[in-house]
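In structure tokens, the next block holds one chain alone, the form predicted on its own.
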């Protein structure tokens, strides 16, 4: 991590040169005003292909044990960068088979020649894929969100940071009755975290009873979660818990965006799973044989649900979505040397 790498990574993150047809950047699916998500139920690639999943928030990604919805092996941001650039099924950035084109685009830009040389001094040819990965990962590591009203109360001691309703909701969130924090725990509200000096904790993936297809509790074929990587039936429909930080900005919800509002998400967990009465995905998620034991349902009153939603919205960090260091550098005059 250096300031030069972070600055270079910021420009690359927002540059459409990184897509095959020049229409997409990383920021297309990770928009700052939406806490670095895209507001879609399912993301759309640069060539128009629809993805089975929604874009995860990049807030505090540096602390994540795993980096996608379901791949247990993808644990380094540098490795993750490669996926959207070159993935074919479905196409994301659309650069598969076009590595030379990508590098030539960067080398033909006088600014990038300077910026790569500053970020990777001493290299005779610094514009290379590995350095591109390192720079973007460096920028992603500074995307830290920790200034919400909840943070101001808990870590800053601002006793008036949360309204009474949100305070009541916080009690419910951490209660043994609702057990929300069992999956959405830690500083990221996403479960176990990785940090320097810490022994890597166990990875956590969960089946929340969103689907229950056929006698074995299957999920739709285009996205079956951890099962895709392990082939074990017990891993069917298991996904990583996304961060709840800035959750009020990142609708729709669940891995496939199939639940529209926070109120409906609470209804889902209160019922202990989702029942789809008719159609292609008809099934009773409450009865799924693969569902996590933590998703057992609970009673919640109308007022308690409103309080819980108020707490979840108190995790919105307005400073994070307006921080200039994270914003599109191409919207302002581009300096000859990165700031």
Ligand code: HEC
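Residue numbers count along the first chain shown, from 1. Please read all numbers here as calculations on a predicted model, not as lab measurements.
Absent from the display: the form predicted in complex with the ligand. The rest refers to it.
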Answer with one of 119, 166, 236, 136: the residue that has a non-hydrogen atom within 4.5 Å of the ligand in the model of the complex. 136
Taking 4.5 Å between heavy atoms as the contact cutoff, choose which of 77, 102, 153, 213 touches the ligand in the model of the complex. 77
According to a 4.5 angstroms non-hydrogen atom cut-off, is residue 64 in contact with the ligand in the model of the complex? yes
With a 4.5 Å heavy atom cut-off, would you call residue 326 a contact of the ligand in the model of the complex? no
Residue 249: touches the ligand in the model of the complex, heavy atom cutoff 4.5 angstroms: no
Contact label in the model of the complex: residue 208 to the ligand, heavy atom within 4.5 Å: yes
Partner contact check in the model of the complex: of 145-153, 121-129, 237-245, 108-116, the stretch with a heavy atom within 4.5 Å of the ligand is 237-245
Contact check in the model of the complex: 53, 84 and 179 versus the ligand, with a cutoff of 4.5 Å between any heavy atoms. Do all three pass? yes
Which of the residues spanning 298-318 lie within 4.5 Å of the ligand in the model of the complex, based on heavy atoms? 298, 308, 312
